[in-house]
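Below you will find one chain, with nothing else, as structure tokens; this is the form predicted on its own, and questions on how it binds or moves follow later.
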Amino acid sequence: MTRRRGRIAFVAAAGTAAALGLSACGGDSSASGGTQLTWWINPDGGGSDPEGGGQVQLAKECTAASDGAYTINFQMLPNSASDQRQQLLRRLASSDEGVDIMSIDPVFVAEFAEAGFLAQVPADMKSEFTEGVVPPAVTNAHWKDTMYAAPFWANTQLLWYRESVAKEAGLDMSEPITWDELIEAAKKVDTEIGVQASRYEGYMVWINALVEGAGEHIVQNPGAPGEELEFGLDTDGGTQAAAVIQKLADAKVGGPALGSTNETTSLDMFQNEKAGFMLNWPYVYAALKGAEVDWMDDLAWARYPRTVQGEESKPPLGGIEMGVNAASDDPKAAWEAVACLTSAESQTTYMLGTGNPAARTEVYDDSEIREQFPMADQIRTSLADSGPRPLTQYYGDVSSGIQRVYSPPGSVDPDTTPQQAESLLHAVLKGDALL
């Protein structure tokens, strides 16, 4: 296969609910010979261009590498993770044979597997999909001790900041900092912090990272039936997480429309110098370079802030897992194709082409990756230490319920909000309330 060595075609691909700026479109089925496979992909910076550096280019290159064994066609899923989930579920529930391979947000692997929609990873291929892969991405590929997906790319957030602003605020960025220190610094120098606090999946990402950073898990017993799920929001750690949101909102350092912020608005705040700090995904580095901001020399990055002093932070984890439809006509060929699509070479091509970080650690040692991504080591470390969102077959309900109670962020009260969220989730999962 050949790599794309050109300009990174970046998008706000968070692996969560980022707006990707592309319309869903039909795929190409022009190739001939061997098994015909259809790969349902999420939109990325490569679009439908077979030379664009995205998933469509990988489909073309792996088709060629198969030497006629299979042809990978593609279909484009909608922009948001929620819409992607709905479309795939409708097709999988009808045993649609037009779905062979799927790009899936990691949080939906459990739900799809629990429903029997995903084929198990063949026993003789598990090591191929796990060796040298960041452990949290491997965890997300499993459900109830069975592997149902292959990590494709993995995403994490960094603390982006302007060195001059941090220096003026007196922050020592060579040492780990806490959210409290970050908020106080922003107040001191009258700047803002870009975060994602609109009522959408990105807000769930932030809440989960805060809870994980406080040593708790939003779902305490993954795999339990809905009525038996236990939550870690109304705990000391959950209270400390809610206190961070309250403090940032009360300090008014999240911008004038904190409850409407997403990845794009956060980047806008940072790019326009309204914010001296920002929590966001690695794609923003290419975005700022592409925008030719005149302060690139002032740009710096650090590990995600700590929720609690003295405890390591748990950076968010996003990305894409690759699954095979249990109803596929040729799952063997599909898994062989997945092996090519998730290889180190494919992930290197994809990271260079789209800016989306690889799940395989060896990719970060590639000379071109290190040149293109000077923060490569920080990304790899953050991925390894990340805190995945809850693994539960009820993830959609859990996320929607938490977003509802914690919105807007200015209403969050650590003394009441965590308990209210748990009460709502219990009621929803017992069928006593609707979202």
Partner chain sequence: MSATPPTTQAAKGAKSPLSDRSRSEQRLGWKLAMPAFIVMVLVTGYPILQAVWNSFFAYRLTDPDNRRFVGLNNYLVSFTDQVFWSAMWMTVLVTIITVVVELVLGFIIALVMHRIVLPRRTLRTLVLIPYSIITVVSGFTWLYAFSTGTGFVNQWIQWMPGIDANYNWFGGFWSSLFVISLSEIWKTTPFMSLLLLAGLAQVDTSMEEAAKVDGASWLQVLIKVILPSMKAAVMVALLFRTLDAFRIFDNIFIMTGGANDTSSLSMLIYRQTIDRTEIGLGSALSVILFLCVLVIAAVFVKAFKVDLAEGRG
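Since the model is a prediction, treat every value here as computed from it, not as a measurement. Residue numbers count along the first chain shown, from 1.
Although not depicted, the form predicted in complex with its partner chain is the subject of the following passage.
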Next on the checklist: Is Asp397 near its partner chain? Define near as a heavy atom within 4.5 Å, in the model of the complex.
Outcome noted: yes
Checklist entry - Does at least one non-hydrogen atom of Lys314 fall within 4.5 angstroms of its partner chain in the model of the complex? => result no
Item to check | its partner chain contact in the model of the complex: Glu111, any heavy atom under 4.5 Å | outcome: yes
Checklist entry - Contact between Ser174 and its partner chain in the model of the complex at 4.5 Å, heavy atoms? => result no
Item to check | Segment that reaches its partner chain in the model of the complex - one of 208 to 216, 126 to 134, 256 to 264, 348 to 356, heavy atoms within 4.5 Å | outcome: 256 to 264
Next on the checklist: I need to confirm a contact call. Of Lys167, Lys247, His142, Arg199, which residue comes within 4.5 Å of its partner chain in the model of the complex, counting heavy atoms only?
Outcome noted: Arg199
Item to check | Contact residue in the model of the complex, chosen from Asp234, Asp330, Asp83, Glu163 - any heavy atom within 4.5 Å of its partner chain | outcome: Asp83
Next on the checklist: Heavy atom within 4.5 Å of its partner chain in the model of the complex: which residues of 414 to 435 meet that condition, in order?
Outcome noted: Val428, Gly431, Asp432, Ala433, Leu434, Leu435
